[in-house]
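The data below hold one chain only, encoded as structure tokens and taken in the form predicted on its own.
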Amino acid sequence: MVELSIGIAGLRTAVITRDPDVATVVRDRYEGFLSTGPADWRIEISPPSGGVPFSKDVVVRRDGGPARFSVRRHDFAGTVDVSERTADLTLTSPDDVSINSFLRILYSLALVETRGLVVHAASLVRDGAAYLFCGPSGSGKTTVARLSTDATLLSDELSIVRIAEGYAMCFGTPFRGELALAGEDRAAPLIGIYFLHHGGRHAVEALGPKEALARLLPNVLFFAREADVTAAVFRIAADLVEAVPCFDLSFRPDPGFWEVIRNA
């Protein structure tokens, strides 16, 4: 039996497995986020099995209790119990893509009780402050990260934000995008959310909370569809756009967009 601890956004997760291949994948894939200390969550990963029910898309459903969810995809099946802070996972093969995908789903559920969100966004730290750049594929998240050579990368694909008492923090994650780089395991206060699109010039336009919320919600990673949990996610997102200034950012592929951000 091997036990490894992964720390992401202040939540430590103990990964327990009897499969040495799975242990190697976890150790290599999350090298920068391996941690010590008591675990908040425990995941048991079973040896690969051919009996995982097929599901073309990710399916997350409440299963046997208000805080217990079944999670299935074509390459894995598992359960997440939010109240017990435990999960189990069965894989078709010890594949880092499968493990990574399950962890994304797990953290999207686990963070709700800590008023956190997983967001399709690049995040960067400059001068001790974090900036979040949201948008669908092709909007420029990786481009912004690649151009920001003087900033610390938190993520170029999936960022985590937690909010408490009107104060938002952005956390580095190991969830990689096109840069194929894990973010730094650190956190910084979030001072701006920017919704990206390519344009002929750099331009920043302030958004009100209502418009910002409409722009943010499609970028929140969350798979459960039950009304009460989706309402909780909605409330966290609404509080986030009230607490953090939000902007539309049109940019060209050069680092001059940082100057218009500073001057906004």
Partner chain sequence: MPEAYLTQSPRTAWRVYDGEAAVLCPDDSTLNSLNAVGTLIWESADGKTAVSAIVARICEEFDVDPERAERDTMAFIAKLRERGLLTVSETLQQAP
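All of these numbers come straight from a predicted model, not from anything done at the bench. Residue numbers count along the first chain shown, from 1.
Same protein, other form: the form predicted in complex with its partner chain, not shown, and the subject of what follows.
- Comment: 233-241 is the region of 65-73, 195-203, 32-40, 233-241 lying near its partner chain in the predicted complex, near meaning a non-hydrogen atom within 4.5 Å.
- Interface residue among L207, V59, L213, L221 relative to its partner chain in the predicted complex, by the heavy atom within 4.5 Å criterion: L213.
- Remark: R225 counts among the residues lining its partner chain in the predicted complex, judged by a heavy atom distance of 4.5 Å or less.
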